[in-house]
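Single chain ahead, written as C-alpha cells, the form predicted on its own.
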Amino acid sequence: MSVMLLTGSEAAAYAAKLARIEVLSYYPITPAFPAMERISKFIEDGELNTEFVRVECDHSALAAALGAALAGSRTFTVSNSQGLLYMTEVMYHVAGLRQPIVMAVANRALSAPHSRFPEHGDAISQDASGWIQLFCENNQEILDTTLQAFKIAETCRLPVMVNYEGYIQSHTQEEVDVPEQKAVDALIPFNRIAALDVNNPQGINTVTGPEFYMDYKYHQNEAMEGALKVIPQVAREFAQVFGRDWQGLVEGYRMEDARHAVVAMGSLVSDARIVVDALRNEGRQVGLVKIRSFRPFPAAALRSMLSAVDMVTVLDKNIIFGAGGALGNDTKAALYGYRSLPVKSYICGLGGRSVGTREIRQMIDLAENRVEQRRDYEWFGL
C-alpha cells in the first residue's frame, strides 16, 4: 500500500483504476467531474487500458455504460444532481436488466432553486430504482467502498451507487491508503456474464406481459434482499486483506450502553463521532449508528442496534416533501411492530447549509429536552 493525499473524487478514480474498469462513459457535471478527469489522465498516461466513451448528456452516459455491461465489460460512470435525474429512465433499465454497473455519485442539491452545494436529495430520488446504494463517511471509505462495489455488483448482478458529498468530500483532500494492484486483482477477479453476443444478435428488454413481468420484479427484489448478506461478506473479505473493516451494512459507535442513539449516514457521521465522544465525557449515554447501506435498507441490523435505547435522533440531509426525511422514515418503519420508542428526524444541511459538531450537539439537546414537538420531523438551522 501507499499513502496518498487524495480528494474524494480522486479516491473514487483510483478505485476504478485498481478495479481495471474496461469502459468509462461520462458527461461532465459539477462537482463529480474530477473523478472523470483523473481516470482520463490514467488512460492518457497508459496506466489504464479503458475505452473512454464521450457522450452528449448524462442519459447517454448511463446508456453507453449499459450497452458495455450487456456485452460483458466492467463499466464505471460518475454523476450527481440534475445529471442523475436525467439518467432516471436508464437507471431503471440497468437495474431491471441486472447489470453490474458501478457509479460514483458526488451528492449535490437539486433544482430549483439551482444549487452547487451538497445534500443527499439526488441519491434519495433514486431509492426505488433498484440500485444498491452505499454512503461513505470519508475519502478512505470512498476508495474502499468503490472497490467493494464491483464485487458486490458482480456477485448480486445488480448495479451499485457509491455516494459521497460534493465539495465536502469530492474536493477535500485526506490521507488515503491506496492498495497494491495485485491484492485488488485477487479480491475482485472479473466475473463476466455477457447478455449480448455479436455473433448471435438478440433483442434485449422486449415487451413483457403480465404473466411474466411480476416474476421478474420478484427475482429482482430477491437479489436486492440477498445483497444484505453479500455486502457484509465482501466487507469482511476486504478487511481480511487490507485491515480496514467498514462493517458492511451498519456500524455502531459507543452503542454498548447507549440510551440515546443518533442515526446518520455520509459525512455527518464523522462529526457525530466527535459529538458522541464529547457527550460521553460529560456522562451522557449517547451512541451513534452509521448507516452504510441505504439500499437495501438494513432493517434487521438497525433493529438490533437500537434494541436497548430509549430514544433515537435521525439526522436527515434530505427532504421528501410532506413526509420528512428518508432515513428517518425508514428508521421508523424498521422499528414499527418491534419497539415503541420516540424517533425524531431533523432535516439539516440542505443545499450546503452548515451542519457540524455544534449543530449536531444542538439537535441532540433539542431531541432530549423538547417535550412538545409539532411533528415527527423538524427543520434545523432555518
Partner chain sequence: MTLSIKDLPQEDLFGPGNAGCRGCGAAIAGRQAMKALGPRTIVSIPASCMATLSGSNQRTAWQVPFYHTLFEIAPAVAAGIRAALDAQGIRDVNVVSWAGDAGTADIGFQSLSGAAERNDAIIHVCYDNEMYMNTNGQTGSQTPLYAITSNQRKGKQTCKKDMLAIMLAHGIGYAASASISHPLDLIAKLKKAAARRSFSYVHILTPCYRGWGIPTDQSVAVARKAVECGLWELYEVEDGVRRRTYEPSFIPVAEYLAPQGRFKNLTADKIQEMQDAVNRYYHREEGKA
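Residue numbers count along the first chain shown, from 1. All figures in this text were calculated on a predicted structure; none of them were measured in a lab.
Beyond the structure shown, there is the form predicted in complex with its partner chain, which is absent from this document and is the topic of what follows.
- Taking the partner from elsewhere, P28 is found to have every heavy atom lying beyond 4.5 Å of its partner chain in the predicted complex.
- Shown alone here, E44 lies farther than 4.5 Å from its partner chain in the predicted complex, counting heavy atoms only.
- When its partner chain is considered in the predicted complex, E211 lines it closely, a heavy atom lying within 4.5 Å.
- For the chain shown alone, E51 is a contact residue for its partner chain in the predicted complex, at least one non-hydrogen atom being within 4.5 angstroms.
- In plain terms, the part of the chain that comes close to its partner chain in the predicted complex, with a heavy atom within 4.5 Å, is 188-196 out of 188-196, 248-256, 304-312, 146-154.
- In the predicted complex, no residue of the candidate spot (V263, V276 and L335) has a heavy atom lying within 4.5 Å of its partner chain.
- Checked against its partner chain in the predicted complex, the residues T357, N329, S40, S60 give one hit for a heavy atom within 4.5 Å, which is S60.
- Among E175, E225, E89, E237, the residue placing a heavy atom within 4.5 Å of its partner chain in the predicted complex is E89.
- Taking its partner chain as positioned in the predicted complex, the residues of 198-230 that bring a heavy atom within 4.5 Å of it are, in sequence order, V198, N199, P201, Q202, G203, I204, N205, T206, V207, T208, G209, E211, F212.
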